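Coming up are structure 1 and structure 2: the same protein chain in two forms, each one given alone as structure tokens.
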Structure 1
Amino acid sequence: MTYCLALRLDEGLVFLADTRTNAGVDNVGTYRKMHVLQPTPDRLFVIESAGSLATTQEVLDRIRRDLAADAATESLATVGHLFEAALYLGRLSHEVASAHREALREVGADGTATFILGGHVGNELPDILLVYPEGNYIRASDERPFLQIGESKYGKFMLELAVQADVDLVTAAKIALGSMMSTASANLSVGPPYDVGIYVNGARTISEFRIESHSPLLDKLSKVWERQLLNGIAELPPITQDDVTDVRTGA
């Protein structure tokens, strides 16, 4: 399983992805799921992936092949808008999954992949889009300026409670890590190392760093996160008999 998320904020973009892959309890690996591409100085793309690792890797190989081809070939270097990059990514993903569908069906496997595409093209404002296996896409809304792929349910509440477009990037990174830690605590198929990307509007580049499983930062965040949750439970009001109804008597 996988968990990746992206936030679109007034100051820029935040990306976070785990690196754990799971093909069974005895086949757990680590693969990068956040990929940064800057084919020309006027554009930058961040691709996060969930689903079939084989499909993801072939899609990335095709992207690099097209970038190395002549200028007449459609690629991330030739698209004029971010949404065109999303359609291009979706088409590649659909083609790859379709090419292997029959063989995978024979062994009961699903070869589809889902992507988050973020970044900018030219002078357009940075944005984030979710690209479906069918090849189409959606944008994050202004009311909920975030996207998730993979194991999204456990960390969604943190994003919905805390994310606002005007939150600063440092706070947003904390929120994203809180969402990731909630997910990792509930699902062992999600875990560190975690890859983080922070894009400041106008910077034309992205800051990337990795949080390892033995990182003092991760240990500190986990302890504070757990302590605050326990403190929050302790501050909840008491539940008395006047607050509830006896199911036997109705009183």
Structure 2
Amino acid sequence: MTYCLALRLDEGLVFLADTRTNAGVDNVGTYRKMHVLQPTPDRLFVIESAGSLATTQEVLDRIRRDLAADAATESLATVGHLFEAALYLGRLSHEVASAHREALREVGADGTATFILGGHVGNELPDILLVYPEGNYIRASDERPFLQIGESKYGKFMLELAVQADVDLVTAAKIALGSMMSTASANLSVGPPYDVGIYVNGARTISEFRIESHSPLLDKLSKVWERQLLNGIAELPPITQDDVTDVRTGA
């Protein structure tokens, strides 16, 4: 599996992706799953991928081939809106998976991929969209302004916390790392290094960095969360008669 996420805040966007890939437990690799593309100065795209590594690589190769082709070819340089970029990405993804479907089915495999596409085109407000293997997409909502692909369940509570606390971009990135570490500790198919992208609205460029497995930050972050949760245990209220119903009497 994989775990990638994106958050949309008032100030900008946060992206985070793990890098672990595996085809069985005896074939584990490290691949970048977060890709930044800026084909022209007026647009910036961040693509995160989950699912078939072969499909995501072929999709990225086709995106680059289309960008190098003549201006009549639809590409990330020609789309007029971010949603058109999502449809374009969805079309490529569906085409690639379809091209290999029969052969993969024979060995019981599935070549589909799911993407998060974030960024902006022209003067539109930056946004994040989730592109399904079938080629359609959804946006993040105002009430739940984050998207996750891959192993999304373990770390969801942390992202909800970031939304609730209405934090700034860098703090959101740190909470997202908490979400990632929580997932990686529960699921071997998710692991470091982690790629982080922070886009400030209007900046037209993205701050990108990688956090290696030996980074002191990961250790510091997990210690803070651990201490706070352990503090929480000490403060848990007692269970009183008002709190419960007796199973035998129903009172």
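Here the rigid core means the biggest group of C-alpha atoms that line up within 1.5 Å when the two forms are laid on top of each other. Values in this document were obtained by computation on a predicted structure and should not be read as measured data. Start at 1 and count along the sequence of structure 1; that gives the residue numbers used here.
Taken from the form predicted on its own, structure 1 is distinct in origin from structure 2.
Core-aligned Cα shift between structures 1 and 2 at I233: this is 2.4 Å.
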